[in-house]
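Only one chain is given next, in structure tokens, and it is the form predicted alone.
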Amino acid sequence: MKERKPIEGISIEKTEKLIKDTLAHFPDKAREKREPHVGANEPSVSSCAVKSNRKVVPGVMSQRGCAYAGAKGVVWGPIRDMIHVSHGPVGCGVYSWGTRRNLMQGIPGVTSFPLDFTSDFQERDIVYGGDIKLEKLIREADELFPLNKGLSVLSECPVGLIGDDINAVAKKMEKELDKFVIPCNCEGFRGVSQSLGHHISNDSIRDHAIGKRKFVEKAGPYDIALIGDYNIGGDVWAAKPILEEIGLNVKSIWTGDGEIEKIAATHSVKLNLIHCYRSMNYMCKVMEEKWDIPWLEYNFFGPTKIEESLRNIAECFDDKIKKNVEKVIKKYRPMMKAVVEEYKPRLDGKTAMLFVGGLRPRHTVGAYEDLGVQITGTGYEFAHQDDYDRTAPEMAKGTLIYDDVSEFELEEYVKELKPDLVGSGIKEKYVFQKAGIPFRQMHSWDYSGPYHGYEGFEIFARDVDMAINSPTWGLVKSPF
């Protein structure tokens, strides 16, 4: 990986001073707790110094979600042919309506189920327990939507507090209905963020699904699975054709537009390609240990990373795939060159700051750089240490790295670094837009997409250009 050139006006000394001045506003105890979570990037250091996966500092606003959000919103929700039951009060249950722009095929209510299934816990359920109610819900849901391929049961906070045994109910109903009924003990209070919800979901898939089905098609040497792609804005539909064009056979997808019986048969593929390392690395490691399936992280954001990833993938296969990769790269280069030539003149030298979850704070850096946009700060909502180890080489020396950054901190960093674009979540969107700063919602591509693959890069370039160069910003008076 080539070392990034230093960004003009940014140095380790200046960044460390910015951090010190910002945290000086905090009470002593809060400042001491926050200091290890922020740092100036040093790519040559093998292990990133920024601490992560710690409890939120009381009184400091966090943008994290809970374990239930990680289980329902990320892992289980995008599986299209299952009914996903939220067992608990309706407040969290409404989160089970649809998905977070995880696009899926099928007819809603017939072959796909992006609907609201919740047990709507009441006070009497807290007192007497909700097991009987859950059984009734599962029977009714299966009767109303008989073409489902299974059900998941995701527990909310009160279920864990009162001790409802969803595992026993799921086991009983699976036998009665003769289809998958998979419990996921993902109460929101567990862990420090939604990251534990990913892990719990992976464990439930490991224990109750994988290895229990077989693919209908005959196994072949080029069978692969896409792991950790949730089809945000159609990302899977942009990535899968590229892999098929180089000769690979995508047998299952975890979990965007996914199908549970294909997921359960993934143990027979030859390679797992992981997109979101944070949410699915556990499952890749399980399949490597138990079924000897190697795995490889890939990045299809921007032509530079696409080419790099395709060649890395080709190294896992024979000369046929290697030749196909070069053909595909040659085919799409003129198209990508045309996109860069159209948008880079308007974006070259611009800067951006990112604060998102999952893989985006590092995976999208290359796509911005392909357009001439430099990333001056990045960070994650719920990363672990290995995420930051992977981030350091993607960033220039001295750039700002922050973990679980508070709203106050992020605003102070933006005031000082004055980026031309902020890419973050819906909670930050209107704060920065009202400040006159161009913004893209990078959790769900601001209702655009796909951003993945060759098709997605053109849309990404258009959206970044549209955000930064919109004449409307001249009509907004910034307080900065």
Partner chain sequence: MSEAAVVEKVRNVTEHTSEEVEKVKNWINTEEYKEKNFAREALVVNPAHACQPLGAQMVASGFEGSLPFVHGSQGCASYFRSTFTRHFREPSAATCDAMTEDGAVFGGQNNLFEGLENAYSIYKPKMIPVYTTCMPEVIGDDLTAFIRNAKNDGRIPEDLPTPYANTPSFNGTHLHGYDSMIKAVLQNLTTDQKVEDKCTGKLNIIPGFDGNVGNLREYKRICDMMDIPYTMLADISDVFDSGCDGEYKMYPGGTKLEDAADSINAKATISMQKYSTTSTMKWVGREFSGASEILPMPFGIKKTDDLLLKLAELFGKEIPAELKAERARAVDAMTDAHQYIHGKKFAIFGDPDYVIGIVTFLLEMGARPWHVLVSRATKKFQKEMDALLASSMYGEGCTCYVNKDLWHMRSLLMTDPVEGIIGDTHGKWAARDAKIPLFRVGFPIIDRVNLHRTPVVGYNGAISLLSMIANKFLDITDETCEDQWFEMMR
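The model shown is predicted, which means the values in this text are computed figures rather than measured ones. Numbering follows the first chain given and starts at 1.
There is also a form predicted together with the partner chain; it is not shown, and the following applies to it.
This chain is displayed without the partner chain, yet in the predicted complex the stretch 51-59 from 51-59, 416-424, 36-44, 448-456 comes within 4.5 Å of it by heavy atoms.
Each of Gly109, Phe117 and Asp178 is positioned with at least one heavy atom within 4.5 Å of the partner chain in the predicted complex. Shown alone here, Thr364 lies farther than 4.5 Å from the partner chain in the predicted complex, counting heavy atoms only.
Using a 4.5 angstroms limit between non-hydrogen atoms, Pro241 is distant from the partner chain in the predicted complex.
Taking the partner from elsewhere, Leu144 is found to have a heavy atom lying within 4.5 Å of the partner chain in the predicted complex. In the predicted complex, at least one heavy atom of Tyr95 sits within 4.5 Å of a heavy atom of the partner chain. Ser193 is the sole member of Ser152, Ser279, Ser201, Ser193 with a non-hydrogen atom within 4.5 Å of the partner chain in the predicted complex. Residue-level contacts in the predicted complex: of Ala396, Val340, Cys157, Ile329, one residue has a heavy atom within 4.5 Å of the partner chain, and it is Cys157. For the stretch 184-218, the set of residues having any non-hydrogen atom within 4.5 angstroms of the partner chain in the predicted complex comprises Gly188, Phe189, Arg190, Gly191, Val192, Ser193, Gly211, Lys212, Arg213, Lys214, Phe215, Val216, in sequence order.
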